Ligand code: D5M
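Take a look at this single chain, the form predicted alone, given in structure tokens.
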């Protein structure tokens, strides 16, 4: 009985003295609901024996709840935008695509060279009798009838068939995606480049040094999908109330300095066939306006960093410029909101964060064996291994051929934040924190068909003085 009483009181952030707990158990067990209602009404933080004795006469001892001030307000914000894509180049043509892939190739080749590898071109490798390194783009990977692996690879000087005979390297080939840039060690023999080693650009092991000396918190959310019939409004409002120091866990909420939203703020219009049938709000401007009305209730000193996703009002091809101002003008008029591109690279007090909506996770999970939506962080780690946010071209993730490959991970961040797949996950790859922030939308019909089970209302928060992530449920 005591356990039940304590659980009910804790739900409402109300404490109780030991004597009052005994008294409720003996005399007031049937009035627990009314006691809680009266305590809330009178802003009671601690129920005492005197409160209970005078309960029927409404003569109560009032102990005012502890007032929490926002601890984060004591510290100045420090935001540096290191990369945010804004300018869309001219219309794509064959030349632009060639330049785009050449830029990707040259940048990743530089990564191998910096590691001490001295590659030769494919045209040189074909003429050499020595074992050499080549940096190449993978055109195709397939298994032969004899269970060996053949890769069609090329570079700006030519193409070759790379033959993988070693069993341990065949396992490595299971993680190779078409269009990615890799390094192969081997020797040309007749018609094939016989592979003796496969090297990915990969991330070096980072040293865990970055911890702030101030007790502030960053909150990661994404995939709100306001406007959808499946939008979980009450969970989202509970999250907003928590940030306003209402309910439990006030101490944590008082430390929140930043919120990063990783795309799909609204459900959009016409994103997929028959989309309108699943919409509560069928006007995208109204979707953004209603979301702003909710987010505008946040404490004034919380800074909100926003990137778009594939449901937002901007172009579909990545990199995506920020949400178009015409559709979300309220956010642009409010200095608390920082509207950036997808992806973006920022620094908060010297902690580097790569923010990417995460659409290419669909390509990775549906292409590679051993990957699924239940282990989204495993798929996220491949971005670092391949040093690219969307290595596969021409699949579900449309990519625009800009002059510079904005999806390259040329500088290793301390944190990668993504969303898109609606499943909360936190892990670590070579001391880089990988955070997927889940959703505020219940399972859709499309997700049922794809066997995707979302985890709505589970919000990762980062204690920046500890570089530790915990997940709060709303």
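Quantities reported herein were computed from a predicted structural model and do not represent experimental measurements. Residue numbers count along the first chain shown, from 1.
The next section is about a form of this same protein that is not shown, the form predicted in complex with this ligand.
- The single contact residue among 179, 362, 377, 155, judged by any heavy atom lying within 4.5 Å of this ligand in the model of the complex, is 362.
- Between the options 464, 452, 20, 458, the residue in contact with this ligand in the model of the complex by a heavy atom within 4.5 angstroms is 452.
- Residues placing heavy atoms within 4.5 Å of this ligand in the model of the complex fall in a single listed stretch, namely 308-316, out of 97-105, 308-316, 76-84, 230-238.
- Proximity of residue 396 to this ligand in the model of the complex: non-hydrogen atoms within 4.5 Å are present.
- Contact between residue 39 and this ligand in the model of the complex is not found at the 4.5 Å heavy atom cutoff.
- Contact check for residue 447: a non-hydrogen atom falls within 4.5 Å of this ligand in the model of the complex.
- At the 4.5 Å threshold, heavy atoms of residue 421 reach this ligand in the model of the complex.
- Residues from 112-130 do not approach this ligand in the model of the complex: none has a non-hydrogen atom within 4.5 Å of it.
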